[in-house]
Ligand code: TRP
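Given next, in structure tokens, is a single chain: the form predicted alone.
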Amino acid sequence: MSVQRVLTGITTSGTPHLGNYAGAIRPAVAASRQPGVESFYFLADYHALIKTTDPLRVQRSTLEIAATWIAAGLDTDRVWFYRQSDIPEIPELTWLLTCVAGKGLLNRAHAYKAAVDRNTAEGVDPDAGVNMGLYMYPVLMAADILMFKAHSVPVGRDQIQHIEMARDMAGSFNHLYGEHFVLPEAAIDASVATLPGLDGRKMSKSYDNTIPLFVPTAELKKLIFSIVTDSKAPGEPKDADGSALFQLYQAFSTAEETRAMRTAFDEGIGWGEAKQALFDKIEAAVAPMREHYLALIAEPARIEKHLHEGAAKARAIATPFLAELRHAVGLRNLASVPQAARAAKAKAALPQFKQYREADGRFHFKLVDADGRLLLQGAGFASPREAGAAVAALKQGAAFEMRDGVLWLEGAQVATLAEGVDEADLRAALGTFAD
């Protein structure tokens, strides 16, 4: 069974709340227990520096978030759990990716574009208040992902663009220096609902409507009883689907319990009774974790030990991989120059596949011989993965059919012979990949 690597980053700029737990932490901890999955969870403290300049907040948030994940059941022996800033290979990889990332690509990043649009609307310099941390955020995120060859990255829909940009940078690097990076996929779990906050809007620090995950019992009850509801009296039917209170109850209940609460809403349960039921449900789920969390918070050295052990595990992967990447780009021991030169010459003497993206947004490949003469021109594909799959199949000797100069693979037209090239020339060139 092939192993899938899944990677999740948690920015250390705030205190975890119920929405974080139900929407991200709980499902991620459950997923980490699945067979055939290698899970990577990191505290994105470099990313936090983009959002806040308060060092105490970054430190405190790192402590709270690490304690939350461990208290929620994350088995740090089973997964890779580490602090981003403990992996020096990540900022170095960021620089290598910077050197292949197009400025035009970064100009299109949503966060940067939003800042520019805001400034333009206000009539000030388009880059006013924009630091390079914000601008380079997608490159650092790409380094986080590509360093550990993650196949899948669970993200919200607003982060899909960053995964596509990571794929773009990985593809550019692979094209220039050989196949080193895995192209990651964004994983969107449509079944995970965004939890509402105290005012019915999305629970978010930006709206100041959160319910912190590990507040004391009395404060949790006070917050739950402050959830905004309508004015319907006890006995009047209530709309469960439009109720923030019901959505929160559903997130912490079984399907059977949820059905019973929906019936209670239809039958006119009083808001006070419904809030008490919600408090009981959340307190039952949170209380055991809260006890563990408070014990961890009281002993930061225990958390530091977990993070140091996690960093050692992560660097066991990152250090040799970065050495491979340094060699690929030419940052090499000078004593190896003659051998490197011979290897480069031998490589250049063989046919090569090249992949690229055209202005129309479609992805192409071509096969050229040792002298750079075009042998085969790939068709336009909707994604780099489709183009890469065709190249991989041809390299691995997959059976194909030629019809009037068009190459067919598994019933699809994937490429065309260049002018003056016959099928024998093509098969001879492809044969070099199987040797």
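Here the structure is a predicted model, which means the values were calculated and not measured. Just count from 1 along the sequence shown to find any residue number.
Although not depicted, the form predicted in complex with this ligand is the subject of the following passage.
**Q** This ligand isn't shown here, but in the model of the complex which of F265, W271, Y137, W80 has a heavy atom within 4.5 Å of it?
**A** It is Y137 that has a heavy atom within 4.5 Å of the partner.
**Q** Which of A328, A72, V155, L296 has a heavy atom within 4.5 Å of this ligand in the model of the complex?
**A** Exactly one residue meets the criterion: V155.
**Q** Can you work out whether G23 and this ligand are in contact in the model of the complex, taking contact to mean some heavy atom pair no more than 4.5 Å apart?
**A** No, G23 is distant from the partner.
**Q** Would M141 count as touching this ligand in the model of the complex under a 4.5 Å heavy atom rule?
**A** Yes - in the model of the complex, heavy atoms of M141 and this ligand come within 4.5 Å of each other.
**Q** Any chance R57 has a heavy atom within 4.5 Å of this ligand in the model of the complex?
**A** R57: no, not in contact with this ligand in the model of the complex.
**Q** Would T11 sit within 4.5 Å of this ligand in the model of the complex, counting heavy atoms only?
**A** Result yes; T11 sits at the interface with this ligand in the model of the complex.
**Q** Looking at 197-205, 123-131, 144-152, 252-260, which lies within 4.5 angstroms of this ligand in the model of the complex, counting heavy atoms?
**A** Every other range fails; the passing one is 144-152.
**Q** Between this ligand and H308, A311 and R315, in the model of the complex, does every residue show a non-hydrogen atom at 4.5 Å or closer?
**A** Not one of the three qualifies.
**Q** Using a 4.5 Å cut-off on any heavy atom, which residues of 39-54 would contact this ligand in the model of the complex?
**A** Those in contact are F42, A44, H47, K51.
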